[in-house]
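Below, in structure tokens: the form predicted alone, a single chain.
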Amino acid sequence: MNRDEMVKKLMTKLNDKRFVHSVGVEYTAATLAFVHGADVEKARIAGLLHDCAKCLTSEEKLRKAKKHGLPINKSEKANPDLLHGKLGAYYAKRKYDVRDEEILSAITYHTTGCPAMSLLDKIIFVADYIEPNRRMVKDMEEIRKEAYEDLDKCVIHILKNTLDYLNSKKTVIDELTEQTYYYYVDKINIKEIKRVKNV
């Protein structure tokens, strides 16, 4: 399926706001891929399709995830909206003919992140947060700058802000988001220790 066919199908599945966001993520992912040396075409497809399961209701997400045999953790049971990444990857494969595992992984983890993300995983995770149509949340200008300079640092900044926000709202936090945050904090600290030793 080519991009034009994907766009036509996506327009029937998403509301206007979500579709505009998806095109914004596609564009931002492409620019990040260009800057960081990733595959621009893969980034575009993953960005365009990352929210293809977003507009289902919570009940539908839970029901369809069960129907298709997708793993559902404790956090996802409590907040089924978290399933839209896994379900989105399933739909990208089944309904949009995407066979590339790297693209499917980036769609799966675009909300929670995961430890040891691939370059494309990180690009979609960041692009989803910073695309031009996003409202100006805390530190957005700084985060947008970091996105083009140091992806790992940017990922940590986004995860920290997300965890702070969810904690302040007393909302369910996916354990994967916390694991990802600590993984990248450790990674940055290890890099920093090595850098200091080599000075």
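Numbering starts at 1 and runs along the sequence shown. All values derive from a computational prediction rather than experimental measurement.
The same protein has a further form, the form predicted in complex with a small molecule, not shown here; the description that follows concerns it.
Asker: Identify, from the list Leu62, Val172, Met140, Leu70, the residue with a heavy atom within 4.5 Å of the small molecule in the predicted bound form.
Answerer: Looking at the other structure, the residue within range turns out to be Val172.
Asker: Tell me, yes or no, whether Thr111 is in contact with the small molecule in the predicted bound form, where a contact means a heavy atom of each within 4.5 Å.
Answerer: Output for Thr111 is yes: heavy atoms within 4.5 Å of the small molecule.
Asker: Evaluate Asn79 for contact with the small molecule in the predicted bound form, applying a 4.5 angstroms cut-off between non-hydrogen atoms, and reply yes or no.
Answerer: The answer is yes: Asn79 has a heavy atom within 4.5 Å of the small molecule.
Asker: Taking heavy atoms only, is Asp121 within 4.5 angstroms of the small molecule in the predicted bound form?
Answerer: Taking the distances in the predicted bound form, the answer for Asp121 is no, it never comes within 4.5 Å of the small molecule.
Asker: Can any non-hydrogen atom of Arg18 be found within 4.5 angstroms of the small molecule in the predicted bound form?
Answerer: Yes - in the predicted bound form, heavy atoms of Arg18 and the small molecule come within 4.5 Å of each other.
Asker: Is the small molecule close enough to Thr28, Val40 and His157 in the predicted bound form that each of the three has a heavy atom within 4.5 Å of it?
Answerer: No, the whole trio is out of contact, none within 4.5 Å by any heavy atom.
Asker: Tell me which stretch of 142-150, 44-52, 31-39, 62-70 has a heavy atom within 4.5 angstroms of the small molecule in the predicted bound form.
Answerer: That would be 44-52.
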